[in-house]
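The chain below stands alone, shown as structure tokens; this is the form predicted alone.
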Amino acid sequence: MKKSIFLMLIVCLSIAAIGVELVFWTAPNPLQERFWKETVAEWNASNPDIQIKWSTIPAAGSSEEAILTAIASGRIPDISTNIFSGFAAQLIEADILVPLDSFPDFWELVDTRKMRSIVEKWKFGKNYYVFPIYSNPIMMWWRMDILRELGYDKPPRTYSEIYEISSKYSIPNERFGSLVVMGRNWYDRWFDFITYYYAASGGEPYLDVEKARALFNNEAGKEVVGFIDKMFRSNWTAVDLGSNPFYTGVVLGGIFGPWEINQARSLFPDVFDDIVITPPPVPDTYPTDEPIYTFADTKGLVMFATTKHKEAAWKFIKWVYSDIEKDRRWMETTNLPPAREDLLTNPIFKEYMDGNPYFAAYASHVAYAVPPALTTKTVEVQDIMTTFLIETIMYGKSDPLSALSDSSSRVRKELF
């Protein structure tokens, strides 16, 4: 009996010593795991009253599936990273996220991290539920060595310039001007049509989520589908370009994210130094003095409304993201640009940028990278874009303007 009482006393003292325990999930990515392991250990060592129980998001078909399973089974974490906009919209509509702007010092933290314009793009209704962690602008890569052989001293910027180099380089069924369409999966639309649309429109939205409207059947959308159609009908691109077409010279250009940098450096060192990175192409009429916008492959952090320790969770979030040194370490560890607008101007990032010019090319566009629409219908909308827009143009099933109009109407019906 005395032994049992003694053990219970030890347990109670242990709980009292720990105080608050927060369950924190992060992306199952080795580089991100390295960052968070060190960061959480630092916090736990200096905050005995608020301890972070950290792990990666449990194994499942996807992070979204794992989190939904946890919600259904009542095992919801207090905080989680790796949340993309469409999934955030689902969680918001299920009323399971804390609006972060309900904390009185939310905007103070946003301004400390130099990310106000970035955060504004994550607004859902009247609130902000997601704290953006990183933002990957999607950029265009060009083989400068081949372009020089063709007589060019700079990569193309506009559609007409791409047509010109494509006509000189392309050989039917052998080599092509550019990789234009990324694939047939719903998420591929982020990296082709939506990227081109943001570039052509100056970063304008392609959906009005609140009014359930498709916006992309406009002048910018017409320019984009005209470009895609021209490339396919002229045989300057193709449906199947084989493996690694950019590195093997099958295409002169292609769209990539910053995660491709390390792979290119390690697997294709003979090509690496000849890569030039530019924003996505724009219509010929796009002003030369205006920045070119692009799609942001971006993920953020959320706090679940089921947490019993909102203030403690917010204290941890503030501690991480008010410290610029942690953003520098994140950048150096993961090679992903922090969601900050001062990456090129703050001297704390200068050394890394100077030694990594390709990464700096991405960092230069973080402020002009726009996340996807915050809609619960992300997959459905982009499946429609795939079937009734991209595949229709790829295979020449109808003229591009008809495909644009048809897909826009179908998206509008889906949103309603």
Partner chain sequence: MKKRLKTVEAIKGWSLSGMYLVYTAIFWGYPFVWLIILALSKWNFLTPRKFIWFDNFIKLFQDELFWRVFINTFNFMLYFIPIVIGFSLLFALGLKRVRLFRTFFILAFLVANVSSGVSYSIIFQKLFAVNGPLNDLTRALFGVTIPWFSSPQLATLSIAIMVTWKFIGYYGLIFFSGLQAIPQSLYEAAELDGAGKWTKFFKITVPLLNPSIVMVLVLSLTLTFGIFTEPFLITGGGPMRTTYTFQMLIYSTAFQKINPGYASSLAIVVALLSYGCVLLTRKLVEREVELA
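Residue numbers count along the first chain shown, from 1. Note that the structure is a prediction, hence the values are computed from the model and not measured.
Same protein, other form: the form predicted in complex with the partner chain, not shown, and the subject of what follows.
- Partner contact region in the predicted bound form: 378-386, out of 378-386, 40-48, 365-373, 348-356, criterion any non-hydrogen atom within 4.5 Å of the partner chain.
- The contact with the partner chain in the predicted bound form, taken as any heavy atom within 4.5 Å, belongs to 96 out of 96, 276, 212, 267.
- Only one of 271, 250, 146, 324 lies close to the partner chain in the predicted bound form, with a heavy atom inside 4.5 Å, and it is 250.
- Shown alone here, residue 287 lies farther than 4.5 Å from the partner chain in the predicted bound form, counting heavy atoms only.
- Contact annotation: residue 167 falls outside 4.5 Å of the partner chain in the predicted bound form, judged by heavy atom distances.
- Using a 4.5 Å cutoff between non-hydrogen atoms, residue 263 does not count as a contact of the partner chain in the predicted bound form.
- Residue 343 falls outside the set of residues with a heavy atom inside 4.5 Å of the partner chain in the predicted bound form.
- In the predicted bound form, the partner chain lies within 4.5 angstroms of at least one heavy atom of each of the following residues of 231-247: 239, 240, 241, 242, 243, in sequence order.
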